[in-house]
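For reference, the chain that follows is the form predicted on its own, supplied as structure tokens.
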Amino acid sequence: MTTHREPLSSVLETIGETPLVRVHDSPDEAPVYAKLESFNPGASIKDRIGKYMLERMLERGDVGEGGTVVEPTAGNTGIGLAVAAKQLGLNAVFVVPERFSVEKQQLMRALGAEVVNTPSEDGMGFAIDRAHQIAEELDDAVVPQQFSNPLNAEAHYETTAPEIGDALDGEVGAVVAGCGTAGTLMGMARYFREQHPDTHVVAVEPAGSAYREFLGEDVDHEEYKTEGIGTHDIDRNELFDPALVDEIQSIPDRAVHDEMGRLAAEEGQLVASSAAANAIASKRVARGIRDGEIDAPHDAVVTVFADSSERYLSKGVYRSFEEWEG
């Protein structure tokens, strides 16, 4: 989305300043607001880190113009990086496990990137290793590595969080966000904790994910259909700082599926599974603030709706739960 009234010189100038919209199925005493990131030109929150990370890496000399960016990605980060790469004079290669959204892979290729698929059963860890291998074989190539690069969280500290703060006059009581790389939550948490140290921070993951191991809990690793958030190997998630988090909520796939349908039918929100998980967790936090169970400095709860359901229609997100392919 853009609020500009004059012509712009590049699509990169349209990234950010996305709408902040009330989630109506939240209590009036503690309203939930969601940042609608599908309004970015690449249609997801990852456009923010695509632009921010590549601009900073070019400035630092990590890669030169005409060089290559190689990234392991489930899709949206690849699209965000691809949008930015071409505009900044870089080539892009993405390593994607086969099971992830076909729509996303088609868009990455349309944006001029090369896509290298890896076996789904080998997971994201294998994709990460393969990306580094490819980068070593090329001249002037770099792996931004969204799972470990502090620029990921910094992008949200510098853009997403201040936009939310400005929209709500700084009156944010709780921050809730799904964690894949954890960059979104970490950047927002650090920003709002600086504004008020008692801001309540909640990480969201699918049931079966391992983020709760950061808190010392035993977790039964299970497969899940919710995309874009969660982990099965916390050693790969280097950005997550448990000291910045008050609680981790695990949301079952069935609840996520129901909420995706409700958000579309009742609120006109065509958002994907991670957004539905965020909505469920945010509403829980809002009720906790309303009922006095959570002590927050302000009443408003903020979250992000990272992308649109349109990229997952081929997986049956709006069909029955049993037909939904994770």
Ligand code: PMP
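Quick caveat, the model's predicted, so the values are computed rather than measured. When you see a residue number, it is the position in the sequence shown, counting from 1.
Form predicted in complex with this ligand: not shown, discussed below.
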The one option of Ala84, Ala182, Ile251, Ala155 with any heavy atom within 4.5 Å of this ligand in the model of the complex is Ala182
Of 224-232, 165-173, 192-200, 241-249, the segment with heavy atoms within 4.5 Å of this ligand in the model of the complex is residues 224-232
Report task. Could you confirm whether Val302 comes within 4.5 Å of this ligand in the model of the complex, counting heavy atoms only? Result -> no
Practice task
Determine whether any heavy atom of Ser274 comes within 4.5 Å of a heavy atom of this ligand in the model of the complex, and answer yes or no.
Solution key: yes
Taking this ligand as it sits in the model of the complex, is Lys51 near enough to touch it, meaning that at least one heavy atom pair lies within 4.5 angstroms? no
Non-hydrogen atom contact Gly178 with this ligand in the model of the complex at 4.5 angstroms = yes
Contact check, 297-313 vs this ligand in the model of the complex, heavy atom within 4.5 Å, ordered by sequence, gives Ala306, Asp307, Tyr312
